[in-house]
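A single chain comes next, written as structure tokens; it is the form predicted on its own.
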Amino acid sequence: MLEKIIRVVREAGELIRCAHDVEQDTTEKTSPSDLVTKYDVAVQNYLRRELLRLLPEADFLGEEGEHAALTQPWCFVVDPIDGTANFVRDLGYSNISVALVRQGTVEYGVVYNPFREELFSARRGEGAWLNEKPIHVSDYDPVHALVLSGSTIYDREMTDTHFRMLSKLYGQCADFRRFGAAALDLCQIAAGRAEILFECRLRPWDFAAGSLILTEAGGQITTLEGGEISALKSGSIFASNGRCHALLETLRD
């Protein structure tokens, strides 16, 4: 199944790689920072069709369009273009994210950045890979940690809380980055390129696939309250290489 999902995702990536005149086909959904392009829709339609051919009995939860009630044990959770604003501005940091979830547990995860041709993947209990090579989180301690985060652009009532947390982490760690695509950010931690990612609220398609890739690479992910994340519901996340996860306690002061 993982190989089949990877094949579909790579094929969908060609729609992104061949995109042109993106800004002319971009509209705002809820705000100037919440964008959708014709390619988001085209990629999701392609993924829906091809993934459900692999597992016709599964539900499909994608970012674009209406979200029907989930009634089946299996569900594909899909972000056709995570990092749409980056895509529109040709920053090269966007991805396709596909998770296959069974009864709320992510069993397969694939995150693909077609601009760098980096494909991250994982199957529960079998490790994580980058382009078929095993990956593992770093062993950096908090003092040497690189922190990644978003900026609550869709939930601005949380902005003050977010930046207070970022300030606390910045005071204890080496530096921070804000790249604009949460699924890829989780994979950066999985690959040992960064140590911490936190977000006050994400949608399931933002983190479902990346969460499995991270944990299979030896990392840890919880809510900001320290509880289990839900692969089918929106919520906060605190992800780390494991060694830095204790910093979560300092954010609650």
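Just count from 1 along the sequence shown to find any residue number. As the structure is a prediction and not an experimental result, all values here were calculated from the model.
Below, we turn to the form predicted in complex with D-MYO-inositol-1-phosphate (IPD), even though it does not appear here.
Peer 1: Hey, with D-MYO-inositol-1-phosphate (IPD) in the predicted bound form, do G127, E195 and E216 all fall inside the 4.5 Å heavy atom range?
Peer 2: Spot residues vs D-MYO-inositol-1-phosphate (IPD): no contact at all.
Peer 1: Heavy atoms within 4.5 Å of D-MYO-inositol-1-phosphate (IPD) in the predicted bound form: which stretch among 132-140, 108-116, 69-77, 83-91?
Peer 2: Stretch with heavy atoms near the partner: 83-91.
Peer 1: Taking D-MYO-inositol-1-phosphate (IPD) in the predicted bound form as the reference, which of A182, I96, V147, L100 has a non-hydrogen atom within 4.5 Å?
Peer 2: Going through each option in turn, the one that passes is A182.
Peer 1: With heavy atoms only and a cut-off of 4.5 Å, decide whether R178 touches D-MYO-inositol-1-phosphate (IPD) in the predicted bound form.
Peer 2: Yes, R178 is a contact residue.
Peer 1: Just to confirm, Y154 within 4.5 Å of D-MYO-inositol-1-phosphate (IPD) in the predicted bound form by heavy atoms?
Peer 2: Yes, Y154 is a contact residue.
Peer 1: Please tell me whether any heavy atom belonging to L202 falls inside 4.5 Å of a heavy atom of D-MYO-inositol-1-phosphate (IPD), as the geometry stands in the predicted bound form.
Peer 2: Within the cut-off, so yes.
Peer 1: Indicate whether E63 is a 4.5 Å heavy atom neighbour of D-MYO-inositol-1-phosphate (IPD) in the predicted bound form.
Peer 2: Yes - in the predicted bound form, heavy atoms of E63 and D-MYO-inositol-1-phosphate (IPD) come within 4.5 Å of each other.
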